[in-house]
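Only one chain is shown below, in structure tokens, and it's the form predicted alone.
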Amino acid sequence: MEMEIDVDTDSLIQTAEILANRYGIRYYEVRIVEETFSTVRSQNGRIDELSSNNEIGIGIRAFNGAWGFSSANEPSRVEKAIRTAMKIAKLSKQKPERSGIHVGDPIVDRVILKGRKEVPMEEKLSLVRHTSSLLDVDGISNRQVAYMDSTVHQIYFNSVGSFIETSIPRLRFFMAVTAKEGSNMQQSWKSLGGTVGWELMERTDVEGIADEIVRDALSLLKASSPPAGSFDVIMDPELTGVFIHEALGHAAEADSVKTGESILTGKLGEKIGVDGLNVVDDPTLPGKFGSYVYDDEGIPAKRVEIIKDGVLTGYLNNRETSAVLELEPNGHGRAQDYAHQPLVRMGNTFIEPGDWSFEEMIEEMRNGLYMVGDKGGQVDIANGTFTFAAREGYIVENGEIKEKVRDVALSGKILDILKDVRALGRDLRIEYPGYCGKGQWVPVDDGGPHVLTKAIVGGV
């Protein structure tokens, strides 16, 4: 269902212009956001959440050497919020040499993306209950299922004459299990989603996925502990995705670069990876969970080549960081909702594929570990170190996959990993949707091919 934001935008534009002139504000922007969303969550067959809601609010930013920001979710408070943002900007004024923003030319556009099919809440509830029943298997001590969909309808305008209307649907479906044997507990899960509607669920083999994660969790109970030391490792596409998102993607966000808190500060044009290594963030990919048409600063979303043939060629930036670093803006200013200011954020981050088959990579590695899935980790983008836990691993001996290992982690230095890459698979997958936290939560996706490199391996 297409939403209609019941706001007099002409009146808002006039009010903002009058107040900007009164307070001497050089630049301002307004986002009117309406979000319709529904959620169904189940734990061990019990419905924990069943909700459907609609929320509308307005966020206002004003720039006068520094940002002023305010928001409102009631029509009677909108004019006050505009005035507050502009007063804060006026009081916070900095010297011109210490700040700046890219203003650019006005953009007028309307883009309405729609999921092809909508269904009543009863059908969503039935899906969650059915999926939970599929996970109810001997040896499984805990099972979770969550379904979430939303449509975000936004009207954006600014002081240079931009007026952009967008509507973006999203759907995410998640299932997870915990297998238990005595004090030994092992987990497995699967998440899928995109800028789509119910049609995603119609083409998804829910039964097959449920069977797969149950089998994985139960088999991990019998797996061995991993070896420790420096090994050749092959990361599967999911682990590749979380590595490149967390370890490199955040380091390439230009707000961290601007403050000198990233290992990539001052390294544009430098060789930081092997020949043939290409890392991209592309919010324009059709249907992906982290995709969008315009960012929350009214800049068109753009594909950014962060690394090209091993060379650092780009940062992700917004209006402010592009001005300070003297770069072209590339549409990576994103906000959680109307009540938050846009920050520099990723969209869909991935390593581009190479030309190796998986079998060739195993043969090339000969001895090492094949690491599958993601169980979280830690990254320090300032000193360039990381630790990631894989959901499972496999010992590789003499070019053959042998026993399964559990509770396995890899760690090392980000730039060392990029320089130690020996092979890139041709099996690109970008299908690991989630929400990235950076003081705010925004939808993202990541992935890549299988990657052969070297890392420190140990248990968790």
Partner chain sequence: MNERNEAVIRTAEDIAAMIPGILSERNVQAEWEVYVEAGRNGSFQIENEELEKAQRRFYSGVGLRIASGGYVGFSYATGLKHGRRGVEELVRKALALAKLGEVEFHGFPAYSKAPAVAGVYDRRIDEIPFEEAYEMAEELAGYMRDVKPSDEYILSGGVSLAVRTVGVMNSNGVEAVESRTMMKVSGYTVKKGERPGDGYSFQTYRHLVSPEDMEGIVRKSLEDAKKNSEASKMEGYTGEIALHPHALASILSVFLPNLMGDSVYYGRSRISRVGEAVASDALTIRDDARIEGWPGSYSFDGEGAPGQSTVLIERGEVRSFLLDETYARLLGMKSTGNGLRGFRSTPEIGTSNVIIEPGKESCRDPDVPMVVKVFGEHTANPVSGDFSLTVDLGEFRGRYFKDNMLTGNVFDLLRNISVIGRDPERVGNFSSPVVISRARIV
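Being a predicted model, the structure only gives us computed values, none of them experimental. Take the two forms, find the largest set of C-alpha atoms that superpose within 1.5 Å, and that set is the rigid core. Residue numbers count along the first chain shown, from 1.
A second form of this protein, the form predicted together with the partner chain, is not displayed here; the remarks below concern that form.
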Out of the stretches listed (254-262, 276-284, 109-117, 301-309), which one is close to the partner chain in the predicted bound form, meaning heavy atoms within 4.5 Å? 254-262
Pick from 151, 154, 159, 71: which has a non-hydrogen atom within 4.5 Å of the partner chain in the predicted bound form? 71
Ok, 219, 385, 313, 191: which has a heavy atom sitting within 4.5 Å of the partner chain in the predicted bound form? 385
Though only this chain appears here, would residue 27 touch the partner chain in the predicted bound form if you measure heavy atom gaps against 4.5 Å? no
Should residue 338 be counted as a contact of the partner chain in the predicted bound form, where contact means heavy atoms within 4.5 Å? yes
If you check in the predicted bound form, is residue 406 within 4.5 Å of the partner chain, heavy atoms only? yes
Report yes if any heavy atom of residue 326 sits within 4.5 Å of a heavy atom of the partner chain in the predicted bound form; otherwise report no. no
Complete contact of 37, 46 and 84 with the partner chain in the predicted bound form (any heavy atom, 4.5 Å): yes
Output the sequence-ordered list of residues from 435-460 with at least one heavy atom within 4.5 Å of the partner chain in the predicted bound form. 456, 457, 458, 459, 460
Shift of residue 408 between the shown form and the other one at or above 2 Å (CA, core fit): yes
Would you say whether residue 377 is displaced between the shown form and the other one, judging by a C-alpha shift of 2 Å or more on the superposed rigid core? yes
